[in-house]
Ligand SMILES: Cc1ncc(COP(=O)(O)O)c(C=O)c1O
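Read the single chain below, which is given as structure tokens and is the form predicted on its own.
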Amino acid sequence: MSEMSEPVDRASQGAPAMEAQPVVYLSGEWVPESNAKISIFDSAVMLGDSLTESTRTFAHRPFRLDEHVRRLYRSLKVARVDPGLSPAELLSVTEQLIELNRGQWRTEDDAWIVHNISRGSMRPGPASTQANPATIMIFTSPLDLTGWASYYEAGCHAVTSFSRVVPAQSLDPKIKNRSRLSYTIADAEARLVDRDAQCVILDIDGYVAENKGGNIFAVVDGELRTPSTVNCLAGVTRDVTLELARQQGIAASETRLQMYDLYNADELFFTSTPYCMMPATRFNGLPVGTGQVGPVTRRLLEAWSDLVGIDVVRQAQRQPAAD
């Protein structure tokens, strides 16, 4: 797997004109979304064995796509998956796909850009090493923010799950993968307490780790704090939020956090690609700070909007509710 280089034609030949339905890139082919299928013998199906990245657009422009692709290739390296394309080739294909599908997005909305890469077709046997070309799946999809829209003003209820994150000694959380069962179970457990809860998952030592699809921040004693990447994903949105905090003169650190810290935090929020920041105003049934979205959170949300050139809160709140 090579570093970023100039794209090579082999990754980008044969792109079709825009279809009546979204197009998916599937292992060298441009396929209408409804026809995009993989084998039941693919490692993604057989073992839940695939690496992933989810990027979003702002005003239809991909945000830090190169960083997401760079992280994807780090995950592929550690997982011993050869995608058969260089990072630059994958970027080229992705940019073509965005152009093909851009016309199907509403002007005021944005889109997901999702990469899933498995080690390809396999059969049960003694070895799980890659024996065939990788399966490369790239798709775009309109970004539905309605499920998070109310949290910007009211805040969500953060609830700890019973289950713990998979220890880093078993699977490093910096390897972003599609084996999401542990996160799905943790999320379901939190929703036993509150069906609208957003989960806080601890590590096996009782320290705060992450959410099912995002990172966790708390304002404690006037400082913005977030878990280090020893026990959580090195999120791109997490990194941007730390950058914005420092630009705003907000003291920030990466450290260990306990439930005690979240109970006594002045503010609490999650960060993730789709919603940028999701305020939490309750933690395990108790109010966070005053029980309202706090000033540091609001300040950082405004900084996010300034950075990406759109009002991220307004965009979510003006989307029509799903039928």
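The model shown is predicted, which means the values in this text are computed figures rather than measured ones. For every residue, the number given is its place in the sequence shown, counted from 1.
What comes next is about the form predicted in complex with the named molecule, which does not appear here.
- The closest heavy atom approach of S50 to the named molecule in the predicted bound form falls outside 4.5 Å.
- When contacts are judged by a 4.5 Å heavy atom cut-off, N211 counts as touching the named molecule in the predicted bound form.
- Put simply, P83 is far from the named molecule in the predicted bound form: not one heavy atom of it is within 4.5 Å.
- Mapping the unseen interface onto this chain, S272 counts among the residues with a heavy atom inside 4.5 Å of the named molecule in the predicted bound form.
- Within 4.5 Å of the named molecule in the predicted bound form, a heavy atom is found for every one of H68, K176 and Y183.
- Think of it this way: in the predicted bound form, the named molecule has a heavy atom of just one of N101, T135, T237, Q198 within 4.5 Å, and the residue is T237.
- Just one of A158, L72, L233, V93 comes within 4.5 Å of the named molecule in the predicted bound form, counting any heavy atom, and that one is L233.
- Across the options 74 to 82, 213 to 221, 244 to 252, 135 to 143, residues that bring heavy atoms within 4.5 Å of the named molecule in the predicted bound form belong to 213 to 221.
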